[in-house]
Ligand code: NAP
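Quick setup: one chain, the form predicted on its own, written in structure tokens, and binding and motion questions come after.
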């Protein structure tokens, strides 16, 4: 028996009890690298979700009254449990999601870091005393937890996305009903085991797997739930916001992206290529902040393409459980079909494949790391999020042109630029219409900084002190003393 299987709970966690769906239904989970079925989990519905919400509300009544120090102590234990079990949790994550073990280990450590950060922020949730315009009254501003939180997470980072949401919620004094993606439920259910190990009271964290529409509908429409936090596609995010509007819930949405990566003539090409590999091919290109469009200035276009092609050729594709693997499979064949569609469309409109461009000889949902050049704004790869290992390169002449090209999208999650010109750094930083911008850096996510987008890439922030604010209500108190 593989050691990580001790963390594979095939039951939902509701009110501190591990149980199946009321209907008795289950669904299968497969390993995208091999296609084999690794287990079954409950196919929960609205009834199960209502019970989880009720459990979270009951737990909230006492959890909200705990001191910041008490919450911080438990959260430190949760962070420690994640880090102590990193190897097994990483192998579980890779088995159900496909990413390399190196990336999975980093994700588990990142999850622990978020929880630890938020445990520290729990002690820094400050209110205010405001100078009063009345001599006989005093004005106080209090910060209070919003209440029960519905957290809906994606399959591409099944542990890290939970840590951003659960960590902030716990620090603020909220309780959670989490709905993980059906492709990767085990990494989320393992959080339930970690919560028990850390000593979290029953009902503070509840985890339900199953029908996304039924669970999502209950979370968004049940008046007991006071906030919805979601990471996923823009289309689903819009639907959830519309549903949540019926009871005026707080919402935070981390949605789709179309990230540009601008390389100027004065850039360090080797550093830009290294950043490009990190940003584009991490998790096989299946990240919301990964590069979708490379915009390269004419003066270094050919040199950059040559070096990027050489770096891509060095990437090892394989089962993520095999040490040395750089790129695992895509999550499923539908993902492969979308990537393939984008490549075919680009080539049909005149683009040229420099490297890759085909399904990998390993079969299944593996796809070759791909580089295409001669890309134009009319191509699907320019307008849509590819969510796969395809580096699409555009050519530009002027700085203003690059900024305009980068902003020519309804999305605004992440953007990147490489330059050694200080003035240009600030012009680009201020000119890009994105929630987060990396200058001379291909991976910028950290628990200490806000993560979030603008335009149709969402609303609100995760991580940092700004992320905690998403789970707090502001209350004004006016006290007469005469």
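Nothing here was measured: the structure is a model prediction, and the numbers come from that model. Positions refer to the first chain, counted from 1.
Another form exists, predicted together with this ligand; not displayed. Remarks below refer to it.
Note on the interface: of 369 to 377, 304 to 312, 108 to 116, 211 to 219, the segment with non-hydrogen atoms within 4.5 angstroms of this ligand in the predicted complex is 211 to 219.
Distance criterion of 4.5 Å from any heavy atom to this ligand in the predicted complex singles out 385 from the list 385, 96, 103, 121. Among the residues 82, 240, 200, 272, the one placing a heavy atom within 4.5 Å of this ligand in the predicted complex is 240. Highlighted residues 156, 233 and 257: every one comes within 4.5 Å of this ligand in the predicted complex, counting any heavy atom. Contact check for residue 180: a non-hydrogen atom falls within 4.5 Å of this ligand in the predicted complex.
Interface membership of residue 164, defined by any non-hydrogen atom within 4.5 Å of this ligand in the predicted complex, is confirmed. Taking non-hydrogen atoms only, residue 262 never approaches this ligand to within 4.5 angstroms in the predicted complex. By the criterion of a heavy atom within 4.5 Å, residue 288 is counted among the residues contacting this ligand in the predicted complex. Contacts to this ligand in the predicted complex (heavy atom within 4.5 Å) from stretch 425 to 451: 451 only.
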